[in-house]
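Two forms, one protein chain; structure tokens for each follow separately as structure 1 and structure 2.
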Structure 1
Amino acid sequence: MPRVSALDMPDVPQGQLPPHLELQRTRVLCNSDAPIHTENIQYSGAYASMGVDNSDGLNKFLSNFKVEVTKLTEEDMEFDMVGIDPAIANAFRRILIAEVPTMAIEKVFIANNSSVIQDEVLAHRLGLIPLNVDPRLFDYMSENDAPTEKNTIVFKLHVRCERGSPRITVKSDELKWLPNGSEFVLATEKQGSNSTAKPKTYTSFTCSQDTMPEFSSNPISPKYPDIILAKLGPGQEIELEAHAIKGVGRTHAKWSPVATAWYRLLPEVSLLQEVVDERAEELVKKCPAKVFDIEDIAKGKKKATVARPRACTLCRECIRGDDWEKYVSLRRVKNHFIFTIESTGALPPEGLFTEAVKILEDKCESLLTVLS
């Protein structure tokens, strides 16, 4: 991109930046030694002296912002988000990882564990199991709250490997949902067991969870039935109750609703001058991501074209050595995000993103409330 000398610039501002500054503003240039112009210029008056307004303004944002979904399955999705600042895209990513709530096992009551896996290791493994339940149907449980049907899900696990039988593998499908709450009676209740009233347990459910319309047709269970929890040898036994509550990934990663949520900037590969014949073939061969293709032009001549820029991994092989940097320019579009969300299963990925945006909105709203 040729630089424009200040002396050659028009006397009257044209309302747009000279091309080299526009390129610096909107693209990261990935040179063979290091990327340059990686910063984002946010200040609205950054180019005021050239008569250019750098602010996006809400209206400009509303008309320029675009989303296009490229992949969507039950577990993961990929979409392009164009025309947004990294500050906001990154806020969505951070919220997805650390602040969208899910349900996860938090307390494990172990009645018997004669397996080789230690209590605390088993409890930790149980905590990490993704549960197939919509967290929006539950309340947070604070330190002083009693566990009720509104904030706790109880699972039972009771497996025994009989003497003389082969070893067994305990998988997550052995966790059985107890819609009526805990079955373990509180120790304090044991002495005075004269009354006919139901003995007090570790939870105080007022009704059964499976009578709630949300769960009657859709029982709660671990999302995947084949997660290995422990192995039992002959004569070993595990009996426990696991209580799941609502939480966020900020407290512990087990509550994070995503396996990963990440984005990359759209790669832009441009040929600064025509690459022909042997050089074209060399270029196609250089690129391990197969970004370039060869096109036949007149008289048996061949020319390299950029066929698949999205496949570019920024390995920079194509600009290594010789004077290749004069031919190929690798760039990233600063406001084009290729966003990927991998859900752990409680909510579909598109639902997670919507929740994340709502959480950022809630944050703004509470800041507004405290400011007024």
Structure 2
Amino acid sequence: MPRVSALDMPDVPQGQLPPHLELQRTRVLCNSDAPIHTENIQYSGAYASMGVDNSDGLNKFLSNFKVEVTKLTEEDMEFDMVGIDPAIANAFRRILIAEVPTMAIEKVFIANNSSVIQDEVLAHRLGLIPLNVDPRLFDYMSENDAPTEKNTIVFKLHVRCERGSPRITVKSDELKWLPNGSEFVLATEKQGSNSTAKPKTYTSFTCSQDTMPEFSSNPISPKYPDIILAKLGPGQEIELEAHAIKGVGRTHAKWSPVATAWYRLLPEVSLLQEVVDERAEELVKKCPAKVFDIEDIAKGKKKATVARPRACTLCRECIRGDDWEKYVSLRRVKNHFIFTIESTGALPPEGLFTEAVKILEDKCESLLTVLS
């Protein structure tokens, strides 16, 4: 039998895909048991017999790609990224979590801790406090570098609960910024001679950080003043110094600038046929996300409409039982990502996304340099 191609079929339009193939190429179909057509068809010649070019070129990417911000607050941001591959969306997510730098407390010098919290637990809690400072103003610090005003931020914590007083709660607002650096004298200096020279401390600041224009009107402090660090009983005391340095989330989670960064595909909810009267009311009640609504039509009849498709969480309650799959179709658009960034507070969410774009750009330039 001779092989028949789409070129020999007059019913198949050339230069475009039939509707069922276009649906499989661009949508994930969500059935009641499992989603189907989840894979991306990346082979450029997949539809060559129909005269369709499936390749991804720069011009095609530029014409299709767009970013639209739908929500922006001080702490979080939601935006749509349209016309990209899942690998690129996931690259942004991973960069935001693990590669955008922040400042976090790394070293804790404890002079006195008579509270019930162990030293290492207290140090761990201090490290997770978000700091209200732009990390782009500081340099990375290696093991051989001395702590200076360019790579280190020093905080002091000294709280005591007097005997006979009620228990007190130590919060993050007790951390006081020391712009001149450490005040703790090195142990070797304490044992040295009675020199009149200024004793050496754990930092080597050449100037005060509050004299820098970046911090003169915006002092460094914890982002949130009410984070509980410890509770002290009568007679208990905590005295320590905390040194913050620049780092990234892949080293430790305390340097991750986001509480979370995640994305989901744009939901697409379609009614395959009219759902009217009692069945329409049943459909509205079935959906916990309130995607559907009731619309009045002529002669007192009612029909269901898709009012809020973006709110769909893909719980699939609307297509369970009684052949509801004949009435409702749940889909996800493969190249339309709803991206959410929740900042811990060091940088605004829009700033975090900008930094992630720069990091991805640097990675691409490094790859091109190696290949060339």
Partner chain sequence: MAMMMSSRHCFKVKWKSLTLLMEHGIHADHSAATFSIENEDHTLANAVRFTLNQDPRISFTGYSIPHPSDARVNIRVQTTGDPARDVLKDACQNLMGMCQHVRDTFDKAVVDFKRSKVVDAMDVEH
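All residue numbers here refer to structure 1's sequence, counted from 1. Superpose the two forms; the largest set of C-alphas matching within 1.5 Å is the rigid core. Predicted model, so just to flag it, every value in this text is computed and none were measured.
Structure 2 derives from the form predicted on its own, whereas structure 1 comes from the other one.
The two forms, fitted on the rigid core, differ between structures 1 and 2 by less than 2 Å at the CA of I338. Positional change of D226 between structures 1 and 2 stays under 2 Å at the C-alpha, relative to the superposed core. The Cα position of N31 differs by less than 2 Å between structures 1 and 2 after fitting on the rigid core. Superposing the rigid core and comparing between structures 1 and 2 gives a CA shift of 2.7 Å at G51.
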